[in-house]
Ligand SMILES: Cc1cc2nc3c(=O)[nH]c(=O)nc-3n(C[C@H](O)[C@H](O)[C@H](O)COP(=O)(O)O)c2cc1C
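Just the one chain here, the form predicted alone, laid out as structure tokens.
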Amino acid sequence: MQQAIDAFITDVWAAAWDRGEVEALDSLVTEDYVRVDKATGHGTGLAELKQEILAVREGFPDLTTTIDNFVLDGDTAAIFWTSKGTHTRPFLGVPPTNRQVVTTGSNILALRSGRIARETVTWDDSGLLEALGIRSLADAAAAPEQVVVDTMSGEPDPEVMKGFNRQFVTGVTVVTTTEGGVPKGLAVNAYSSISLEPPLVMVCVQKTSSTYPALFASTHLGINILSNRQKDTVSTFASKSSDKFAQIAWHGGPHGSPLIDGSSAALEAEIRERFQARTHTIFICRVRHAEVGEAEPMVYKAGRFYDGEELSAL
């Protein structure tokens, strides 16, 4: 009996996970099938499982899953498995990294008439994300030392949020990297210093940027604080030009990141963490090289640029 059920489940899993033939699952589960994530307690049905399989296979076309052990005890079964695949297509908004990822997990099955009525799934999805070089903000918030409690109900009006953001005064940076030896960059005002010891900084980059795939795949990036003499440079890097460095003078940092000549300051940093935040990725970086120029910085507020040299002291 165990061998028959074992073989049946193994064959269906291979069809669904290894070949994307998700319709095979129809013969494996009951009509009221529920799949529960042990970590969150969240339950989903067969339709969601099929969507998940197809999404994973889209990002990992060569995915293979091996059942390492199968234990049957009456109407309860336990499956221990290992999955391997190469990230060659976008997955969870992450550009292809061409990394091979190995994940392991276990499923506890409640059987009814030889079919799965309920399964509780345990697997380390954080390991998958870490292998791709990313972490989710939810994972970070769930850490015991970083518990976040949301006490707000609803969300503010988008126009109010725009007004709030317009009141925040920032500098103007250009974040840079290289792809195949070709310099890439985009204008970013979501930059912040995190700490001096160790020297950590962060930048937040929108995933739709043409520079994003190259930036995500890089080990280092450059951050250039533009000066009051570089208004044209801002326009260049805020545009959709295919060659933004055509008229830009720059030099490479120790690890090759483009540092723009004439900037108020520039640094090169090693990318240490990539946090996913819906439409953006937050890059946490450790500074490896920094240089400061003589020109005053450019200042940005409410959609306009100002000369940092002419600020009035309070």
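As the structure is a computational prediction, the values presented were derived from the model and not from experiment. The first residue of the sequence shown is number 1, and the count goes up from there.
Below, we turn to the form predicted in complex with the ligand, even though it does not appear here.
Of the candidates 217, 200, 108, 190, 190 is the one whose heavy atoms come within 4.5 Å of the ligand in the model of the complex; the others do not.
Just one of 206, 122, 82, 88 comes within 4.5 Å of the ligand in the model of the complex, counting any heavy atom, and that one is 206. The shortest heavy atom separation between residue 101 and the ligand in the model of the complex exceeds 4.5 Å. At the 4.5 Å threshold, heavy atoms of residue 178 stay clear of the ligand in the model of the complex, well away from it. Among residues of the shown chain, residue 240 is one whose heavy atoms approach the ligand to within 4.5 Å in the model of the complex. Contact check for residue 172: a heavy atom falls within 4.5 Å of the ligand in the model of the complex. Comparing 72-80, 113-121, 209-217, 88-96 against the ligand in the model of the complex, the single stretch with non-hydrogen atoms within 4.5 angstroms of it is 209-217.
Using a 4.5 Å cut-off on any heavy atom, the residues of 282-314 that reach the ligand in the model of the complex are, in sequence order, 300, 305.
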